[in-house]
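A lone chain, given as structure tokens: the form predicted on its own.
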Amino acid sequence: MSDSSIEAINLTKNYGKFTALDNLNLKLEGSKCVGFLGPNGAGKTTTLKIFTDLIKPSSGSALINGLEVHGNKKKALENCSALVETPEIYPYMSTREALNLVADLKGLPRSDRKRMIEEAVSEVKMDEWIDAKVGKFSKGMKQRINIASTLIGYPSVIFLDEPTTGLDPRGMAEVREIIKSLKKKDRLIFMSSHLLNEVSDVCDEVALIDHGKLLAYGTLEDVTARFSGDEGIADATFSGPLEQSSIDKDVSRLTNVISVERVNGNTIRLRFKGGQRAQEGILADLVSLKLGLVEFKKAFSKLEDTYMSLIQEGN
């Protein structure tokens, strides 16, 4: 288990009279992926830029592995990497050449570079294109190379700033799968995003931010439970369209079910009380009804409900 850590202590950033970051206090520890969730302009990129010393805070401290970034930059940043905004790769370079440039900028030993580069390329599933020119790649492929660049040198802390922005649905799905695979090694990944479904799909924990203020931090389950009591939301998908009479007569009357709404012809959304134990019972009951249940999963709208209510309270 990694002992990596990221900590913001009273972190504030002002641009004249505008406060981009307002007394942020947040400590992340261990090997996991934490989603930094907030709308555009919430302060996410500002936070990541402070942690990577691209900008300085107006007050407060940013620590990586217990070291203050602005007072001990070289030591604090030596075991971390970042992908902030969307950097461009020289189009005339091959994947190998582009990553060798990154290794050179990091001052890594030449004897280790070939192995590091090939391992990083393998992690982002670009082995086939390691010697191809980057200029011919799609946006999604280029972003996978950008993510590979953060793996050079085996960092234990990785900052990702909205890594799926600007990608088509296929590219977004590919990048999300890659980020999920990165969690298999001892790494602390701090990923900003404004997409609720992305955070729900990829991250282990979530830190909610709006107008530069931290609203909540914890596991997805803890955060939603804290603000919605023991209520839960789950989507049930069936092999064919579900008759409204079956929803009204059978599903809505199941124990602990509060309400049922149709998402589309084959999928319904259930609100229920009683937490995980109730969810297990509802799943068993749905199977016993023999309505053709093929999928049952938590709906990210529960996180959406929590987040929207917190934003409204803060405004």
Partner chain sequence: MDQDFSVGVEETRTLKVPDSFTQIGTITKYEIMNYFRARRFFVLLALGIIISVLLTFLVGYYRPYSFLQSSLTFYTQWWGGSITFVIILSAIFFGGDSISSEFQNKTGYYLVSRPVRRSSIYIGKWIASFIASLVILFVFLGIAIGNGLYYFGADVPYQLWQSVLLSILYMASVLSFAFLWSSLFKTSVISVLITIITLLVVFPLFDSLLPALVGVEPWFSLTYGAEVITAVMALTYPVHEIHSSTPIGNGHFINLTSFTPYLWEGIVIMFLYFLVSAILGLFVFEKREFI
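In this text the structure is predicted, and so the values were computed from the model without any measurement. Residue numbers count along the first chain shown, from 1. Rigid core here is just the name for the largest C-alpha set that superposes within 1.5 Å across the two forms.
There is also a form predicted in complex with its partner chain; it is not shown, and the following applies to it.
The chain is drawn here without its partner chain; in the predicted bound form, the stretch among 212-220, 192-200, 235-243, 169-177 whose residues come within 4.5 Å of it by any heavy atom is 169-177. For the options I158, M116, I130, M141, the one in contact with its partner chain in the predicted bound form, meaning a heavy atom within 4.5 Å, is M116.
This chain is drawn without its partner chain; in the predicted bound form, the residue among E231, E205, E162, E123 with a heavy atom within 4.5 Å of it is E123. For the three residues I247, E261 and G265, a heavy atom within 4.5 Å of its partner chain turns up in the predicted bound form in no case. Contact annotation for K49: at least one heavy atom lies within 4.5 Å of its partner chain in the predicted bound form. The shortest heavy atom separation between L188 and its partner chain in the predicted bound form exceeds 4.5 Å.
Taking the partner from elsewhere, P87 is found to have a heavy atom lying within 4.5 Å of its partner chain in the predicted bound form. At a distance threshold of 4.5 angstroms between non-hydrogen atoms, T224 is out of contact with its partner chain in the predicted bound form.
Counting a residue when any of its non-hydrogen atoms is within 4.5 Å of its partner chain in the predicted bound form, the hits in 79-114 run N79, A82, V84, E85, T86, P87, E88, I89, Y90, Y92, M93, E97, A98, L99, N100, L101, V102, D104, L105, K106, G107, L108, P109, D112. Core-superposed comparison between this form and the one not shown: the CA of M191 stays below a 2 Å shift. Relative to the superposed core, Q143 undergoes a C-alpha shift of no less than 2 Å between this form and the one not shown. In the core-superposed comparison between this form and the one not shown, L83 has its Cα shifted by less than 2 Å.
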